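First structure 1, then structure 2: two forms of the same chain, each alone, as structure tokens.
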Structure 1
């Protein structure tokens, strides 16, 4: 217990020192993203730490969470539904009907006729779907393409978009799990990575939905805008009376509001995760993780439990993705990269301690702080070291290597933890 307290105190000291030596704006900005990263790490820890599911598609579920914010909280684009939105909706409903019909044909028929009917259903359905869908997409994307070109959202409060993002990720996890969870762990990793890339490819190319590479900017926020605070006479008078700059103070207040919201979500997820882990359900999940054959022999439905935890963990990751998109106030599909949204989250879980929710949270805070701060610290250190060197290839080589010091540091930390403390900083009991 003392070790746990000291580790979290060390993390708190890192953020306090960042605020004192650099700026509180920077410290709070890093802290907000650290909270979101910790939530993602807890979601991944549920899948890997509870059930041993090797999910390498974290970025796909985070992107779906961000898409949920766009589809829920942005205002509807005027004229989009009339121009082609209803066609798109009808095409999607038709596609679901074709899939249901194909399923019925597969179950109700036998012999060679089954394959002929199934092929005819899918081919004819695909042709009709493309005819309806493409016409609708063309109509929607022709509406002010430089500014909009998409259907927009429902115009609901942005806080409602967070659970919608979690539901989208959970739905994708259900579809993936029904087909991929029967695979061996290494094949499951390949499948989840490939499906995550498919999700991102759809988001980059379907401009009617997410504007693709044009990005969706100006998303609504659940907290006040800095400019509104700066124009509030009472707020300005209060900060000036206490000796603060209104511009800096407004930015800090906004970040504190975000931190309060994110902190409540993190606390709620931690509470539920700990209660679940300590329950009979949690003991069953760990028993399945440690020995699937023995658990199956005792009557446990291993595949159903794997699907359950895969959906729950993905929903938590999708929730964190929605929170991150809200914090950025924009959706940028091209920014979702495996290095940031999969590898780094895995490092957080491994360093913190897989199977331990507190360890995953600790890893999220430490690794994100290092991810942000290592580069400026390394730049200053290398600059000091190379000042004494004469101009030449060695000095130029060292200065050019600053851009890679962040990746080098993550690799070194991961190797050190795996070598000297393979169960993580806070190992599972």
Structure 2
């Protein structure tokens, strides 16, 4: 217990130090992303720590959460539904129907014929789908392409988008879990790696949906805008009375509002996760993880439980992804990179302590802080080192390369923790 308190105190000290030495604004900025990272790490910890599922598609689920924000909270584009939105919707429903039909054909037939039937069903289905779908897409994308060119969203409050993001991620997790769970553990890894790439390439290319690489900017926010605060005389008077600069103060207040929201979500998820882990359900999950054969001999449905925890964990990651997109107020599909969004979260879970929710959360805070701070620290260290060097090719090259030191650092940290402290900072009880 003492160890937990000490470690969390250390994290708090890190952030306070950053605030005091750099600026409170940037410390809060890092903290907000750290909270989101911690939620992602808790989601991943459910999959890996409770159940031993190796999910390397965190990026995809987080991106789906972001897509949820766009589809829920942006206002609908005028005339998009008439121009082709209904067609697209119809095509998507048709696609689902084809897949269901293919599944029924596959189950109801035997022998050689089932392969032919399956292929025929999928090929004919794909051709009809493209005929319906392409015209719809063309219609939607031709609406003011520089500004919109997508179907927009439902115009609902942005907070509602968070659970929607979670549901989208859960749906993807269901599909992938149905296919790859129950096979060898590495197959799930490869399948999730693939689905994450595909989700991202869909988001980068389907402009009718997410505007692709043109990005969706100016997403609605659940908190006040800095500009509005600065124009509010009451606010300005209040901060000036306490001796702050209105511009900085407004930015800090906005960040604090976000922090409050994110903190509430983190606390809620933490509470639920801890309750679940201590419940009979949690004991069953750990029993399955530690010995699948024994657990299934006791009558536990291992595959169904794995699917369940995989979906729940992915939903938590999707929720965090939606929160992150809300914080950024924009969706930029090209900015999602597996090293940053998948493998960094893995480092958080391993370093923090897999199987322990508090550990995953701690890992989220520490590793995110390091990820942000390694670069300035590295730059400073390097400039002292290279001071002695004369200006030239080598010096310039080293200084360019400092941006990549964070990858190296994360890899070394992961390897060291795995080797010398495999149970992490806060081991599972």
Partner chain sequence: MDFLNAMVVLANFVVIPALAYGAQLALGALGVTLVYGLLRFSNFAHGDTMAFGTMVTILATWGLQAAGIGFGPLPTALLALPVGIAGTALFALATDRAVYRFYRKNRAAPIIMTMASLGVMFVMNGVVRFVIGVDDISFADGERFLVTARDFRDATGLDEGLAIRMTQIITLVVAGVAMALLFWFLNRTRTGKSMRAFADNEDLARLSGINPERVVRLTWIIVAALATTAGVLYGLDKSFKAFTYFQLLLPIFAAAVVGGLGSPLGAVAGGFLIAFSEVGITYAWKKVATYVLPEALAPDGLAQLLSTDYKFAVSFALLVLVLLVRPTGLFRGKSV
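Fair warning: this is a prediction, and the values are worked out from it, not measured in the lab. Rigid core (definition): largest C-alpha set, two forms, superposition within 1.5 Å. Numbering follows the first chain given and starts at 1.
Visitor: Is structure 1 or structure 2 the form predicted on its own?
Guide: That would be structure 1.
Visitor: Would the C-alpha of residue 26 be classed as shifted by 2 Å or more between the two structures after rigid-core alignment?
Guide: No; that C-alpha moves by less than 2 Å between the two structures.
Visitor: State yes or no: after fitting on the rigid core, is the Cα displacement of residue 379 between the two structures at least 2 Å?
Guide: No.
Visitor: Does residue 178 move its CA by 2 angstroms or more between the two structures when the core is aligned?
Guide: Residue 178: C-alpha displaced by less than 2 Å between the two structures.
Visitor: What's the distance in angstrom the Cα of residue 100 travels between the two structures, core superposed?
Guide: The alpha-carbon displacement, core-superposed, is 2.7 Å.
Visitor: Enter the rigid core superposed C-alpha shift of residue 109 between the two structures, rounded to one decimal in Å.
Guide: Residue shift at the C-alpha: 4.4 Å.
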